[in-house]
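So this first bit is one chain, no partners, the form predicted on its own, shown in structure tokens.
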Amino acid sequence: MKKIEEPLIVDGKRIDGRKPEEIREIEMRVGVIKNADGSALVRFGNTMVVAAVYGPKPLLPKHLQDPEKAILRCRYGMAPFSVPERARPGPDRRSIEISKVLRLALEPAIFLEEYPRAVIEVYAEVLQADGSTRVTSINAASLALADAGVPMRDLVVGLSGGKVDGTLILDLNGKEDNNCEADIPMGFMPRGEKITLLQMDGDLTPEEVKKIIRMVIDAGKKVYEEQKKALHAKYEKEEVV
């Protein structure tokens, strides 16, 4: 990773004013796409992702079906206007990789065996990118699955950790993401602290990796509460109506 000369942490504060272990402002809403079976919008600071779920539904053609469980299909994409320089529409190597990462992070949470021969389709579209888009997509997709009524063992929380200017931090923004010494995107199910995604780019000591994992899990509890609030808010609103 290329490191810039401009310091990213000054007097214990990051470039956006946050403390090292502080996450950005969170916004979460479900039911934002009416023609989807489930949907959610999640924002961490200036990073915004919308996710939609379709299914479970019969998988066609039939030769693709798994007689023992449903197949989870995930597609991650970035809207052309999501970054300052227009993103090229359509899948590229990065979007294909993150689509697979999204699927692997979500599969352990879903009771796929309840729907043999079916497919569950998850679409995550980045509307605005300012770092940590894959973990924001995990949060959005997890909420959309719950909104669709897909049986789940637990919600999946996504959060990133990393190292900037020798300091361990959480929830990397775009400038930190592009110029950090290391970053670790994580996904986990909070109730049992079961990790479903753990990637790493850069150099960290074993002790630093363990500390970041602990930081992510501890801070992820706040994200988990926001996920539950978003789901409760939808049904509380329906009861009022």
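The first residue of the shown sequence is 1; numbering continues from there. None of the values given here were measured: they were computed from a predicted structure.
The next section is about a form of this same protein that is not shown, the form predicted together with ligand ADP.
Not displayed here, ligand ADP is approached by Gly174 to within 4.5 Å at the level of heavy atoms in the model of the complex. Contact check for Ser132: a non-hydrogen atom falls within 4.5 Å of ligand ADP in the model of the complex. The shortest heavy atom separation between Met78 and ligand ADP in the model of the complex is within 4.5 Å.
Although the partner is absent here, Val83 lies within 4.5 Å of ligand ADP in the model of the complex, judged by heavy atoms. Heavy atoms within 4.5 Å of ligand ADP in the model of the complex are found in one stretch of 30-38, 203-211, 175-183, 56-64, which is 175-183.
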